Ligand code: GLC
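Heads up, the chain below is alone and in the form predicted on its own; it's given as structure tokens.
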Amino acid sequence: MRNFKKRFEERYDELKWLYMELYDNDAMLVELVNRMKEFYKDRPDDLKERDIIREKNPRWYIKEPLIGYKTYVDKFAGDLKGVRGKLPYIKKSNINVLHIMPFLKTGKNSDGGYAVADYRSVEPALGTMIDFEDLAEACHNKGINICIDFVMNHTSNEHEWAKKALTGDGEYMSRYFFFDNAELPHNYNRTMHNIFPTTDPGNFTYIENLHHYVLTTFHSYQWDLNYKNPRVFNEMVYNFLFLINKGVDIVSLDSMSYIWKDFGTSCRNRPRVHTIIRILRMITEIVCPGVLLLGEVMQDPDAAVQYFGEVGKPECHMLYNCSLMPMVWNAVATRDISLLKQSLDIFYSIPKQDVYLNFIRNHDDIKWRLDFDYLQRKGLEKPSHIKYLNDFFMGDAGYSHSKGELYNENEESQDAKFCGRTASMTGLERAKLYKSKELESEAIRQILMLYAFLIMQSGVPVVYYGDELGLLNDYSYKKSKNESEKNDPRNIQRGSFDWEGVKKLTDKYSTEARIFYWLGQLESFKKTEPVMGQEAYCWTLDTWEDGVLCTVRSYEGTKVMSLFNFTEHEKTAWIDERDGMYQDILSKKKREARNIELPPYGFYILKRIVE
């Protein structure tokens, strides 16, 4: 207990002050501390050793090049044992962060696993908690970190607490937000109109047998937790530590910006949220300092960056770069990189210790959160531009071969989110349908260009499962017997992994091999070149071509320039760098960095040659 005691003594004063500020409850604080001790005692020795190594090098996740891979257990390999058996493929794919989507026990409606019914049990079809421990150990043996989601904002309506609340038990009703008449929900909904994203009109669900309403921000079967109740906070911390002790390296805090509710406000990003995350960070540093907190904040960058915390009072170790994805696809649809370039200029100015996970596609829809003030100055109005983007990626506007589906479409405002896989959005699905080799090659170039852009950014690039093979949209969800799954277009990008496609990697001319090989070359460069680290100085260069982006990285005398053509036309990057010759990292050809012609959806990564 020596390590625990030392860590605890260094942090207890602040932990106590913040906890008492929230709850003013000595007994619950004492209980929390005692349970922390128990979880530390129960922590396996190999994980404690891992903690000590990382504690000595607290910036290990910055210095170690990380590449993520995000997947569902069942879609990827059937169950947890299946995933363990596929680790050689993960390792071959240059991955060292495996993010498995929610695998805990859910109710009848799961929302892709985000409606948790039991935080201590695995969904039976996916295996057991022992299977998960075995997977985590196998990952560690192969140098792979394992990341999981921790759903903080809500539980399933089939969680034990919800079931007891349904009986009218006041103790458990107090763990959620219940209202005994329609007055507050009615006024609350009016105040919050169009602020909460929801598929359940009104954000409240009427519980008939109780004659009460319960707050449900997202779905009627996901009941929001009341973190003003210290029992909720403590019990969720215990669930958090239970899962961490099974071998987790990174915990993604799902929907964390929602967890503190102050009615009459947007109920997002409230000051108390930061208090809770700060306490959670300290608890982690005391019990399991080798574990990282990854924040999911679907907000504008100015709001999101606050979740890194302050100097001396850190919160999350890493954040998702949620604003990057819509800007990348906006650049594709408009053939204009100016908004993306502006965002990168801001992004490159953030402190080097702030680490983002970057992605171009994931399991969720694309919400068109763009800087519409900037776009309006370019003559683009929000409603019409969102409609254009959705029409484009539906394949109904401009030069587009994309395929996908809309989600939460509002016919009155013409607002909607978009669902689709990378390969289908770049035209590979239509190319296969039309049996067009020309369109297929164009789609492959676009996929590789987008992932080259992603990999060349600071932070952790995350590959969405199947993208490395060109996996297409899956429409089989429409035949599901589960109505919530059948009516959720996001399932178009949550199809089964293509293991038959993996067999085609031996054929270097196959679509799968062409994407996998070149993506692997880019990943290898990311992992082996110090200039790709978090400490590199980064900036953008003007190319004097709307559709061509140029980014530059420099570190200890090494300079790398990357050029990306976001259009279907041959373009010239009108740059003129006169500091020596460069070498293309993929073709190994030498060239000057001036007036560079790029093929449609082409890219070059040029490393300056040091004589």
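These numbers come from a predicted model, not from an experiment. So that there is no doubt, residue numbering starts at 1 and follows the sequence shown.
There is another form of the same protein, the form predicted together with the ligand; it is not shown, and what comes next is about it.
Only one segment in the set 301-309, 169-177, 156-164, 248-256 has residues whose heavy atoms sit within 4.5 Å of the ligand in the predicted bound form; it is 248-256. The ligand in the predicted bound form is not approached by Lys261, whose heavy atoms all lie more than 4.5 angstroms from it. Though the partner is left out of this view, Gln222 does reach within 4.5 Å of the ligand in the predicted bound form, counting heavy atoms only. Within this chain, His363 lines the site of the ligand in the predicted bound form, having a heavy atom no more than 4.5 Å away. None of the heavy atoms of His401 is located within 4.5 Å of the ligand in the predicted bound form. Comment: the ligand is not present in this chain, but in the predicted bound form one of Phe347, Phe516, Phe393, Phe218 has a heavy atom within 4.5 Å of it, namely Phe218.
Of the residues Glu296, Glu429, Glu405, Asp467, just one reaches the ligand in the predicted bound form with a heavy atom at 4.5 Å or closer; this is Glu296. Of all the residues from 90-116, those having a non-hydrogen atom no more than 4.5 Å from the ligand in the predicted bound form are Asp111, Tyr114.
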